[in-house]
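Here's a solo chain for you in structure tokens, the form predicted on its own.
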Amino acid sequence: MSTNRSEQIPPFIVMEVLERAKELERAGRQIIHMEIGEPDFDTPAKIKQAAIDAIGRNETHYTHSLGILPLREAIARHYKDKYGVTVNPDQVIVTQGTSPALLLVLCALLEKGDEILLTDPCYACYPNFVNYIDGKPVMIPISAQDGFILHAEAAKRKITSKTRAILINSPSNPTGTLLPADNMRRLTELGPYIISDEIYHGLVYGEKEHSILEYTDRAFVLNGFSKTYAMTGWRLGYIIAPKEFVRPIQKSQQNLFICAGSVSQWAGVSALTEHHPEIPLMVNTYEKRRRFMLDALQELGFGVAVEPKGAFYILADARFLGENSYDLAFDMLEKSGVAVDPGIDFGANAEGFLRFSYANSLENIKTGIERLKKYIEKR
């Protein structure tokens, strides 16, 4: 028998949608993918060349468990240049993506029964991570009517003696919203540590994103290279941690993961230290897709009360088609060949919504919109 832990962890529904979509494709169906949050661009050329050069230098062995020093120094410079904050490279732990980074932070923070405050909706895996290590996720409802914004007053009402941290994600998955600077500052005044998932920094449209480190040093930053640099398969992320947590996190890293991949780390140095003309082109392309999809979804009858300002998602109200987003998403996939993510994946407060990703070509998005139009007319 498998453990209760492995039996009780919920599936990541977007992966269930993707896997069913792949089955349909193997059967000969053409599927338009609007479910998955993965850039459809290639990794920039200089980054790929840096990896090739690293292999040529035989940089193919274990690295320091914190990560290679050139990458940690580049991350520290990046946060100084972009946000004006001082980060010691010794505060940086390089990881195999931001998911292991979150696991390492939670292992350092939580004893059994300790609480993490999360928004509802939030990235689907956050509460599952907390539950997996016997912590307690405490959900704070946020709504479309309020811009899907977390307010300090709402967080304060949820704080107890067991609260260890507040986890924020700006720009957000699934809503694409940016947390205003004043909201971030006020959250830092509540007492618990802040865990700030900044993986979508760099993918922002007409606004400016802020790092939590601009407002406090009692914070853990999670970031990586998957989204902005189109490096999902490279599995490269990092933590910026308060100094007193670095050694405990490092020991967990040594035992659980040893270190991040050596070749990927050298690619990360290139990502942060060289100019990549592909990146602004990517952002401009996302912006065009975002604008088109916003208008098209609303013309089809979907409610979009909050215009996303970052990432590559739109969380749209689909309750005019039905209240059960899970059934709706799979029905839509089977009957129209358009894959989307049901809102329930992100929490009870997103039930009745669908998340649309515009990390796909404009041509495919237009095809998907036409299919959805026919699907809605028949329904």
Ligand code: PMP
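In this text, all values refer to a predicted model and were calculated from it rather than measured experimentally. When you see a residue number, it is the position in the sequence shown, counting from 1.
Same protein, other form: the form predicted together with this ligand, not shown, and the subject of what follows.
- Contact with this ligand, judged by heavy atoms within 4.5 Å in the predicted bound form, is confined among 169 to 177, 107 to 115, 262 to 270, 248 to 256 to 169 to 177.
- When this ligand is considered in the predicted bound form, only one residue from Asn131, Ser143, Ser99, Thr216 comes within 4.5 Å through any heavy atom, namely Ser99.
- Of the listed positions (Thr188, Ser226, Gln91, Ser211), a single one reaches within 4.5 angstroms of this ligand by any non-hydrogen atom in the predicted bound form, namely Ser226.
- Mapping the unseen interface onto this chain, Ile199 counts among the residues with a heavy atom inside 4.5 Å of this ligand in the predicted bound form.
- The closest non-hydrogen atom of Arg235 lies within 4.5 Å of this ligand in the predicted bound form.
- For Tyr205, no non-hydrogen atom is located within 4.5 Å of this ligand in the predicted bound form, even though that partner is not displayed.
- When contacts are judged by a 4.5 Å heavy atom cut-off, Tyr126 counts as touching this ligand in the predicted bound form.
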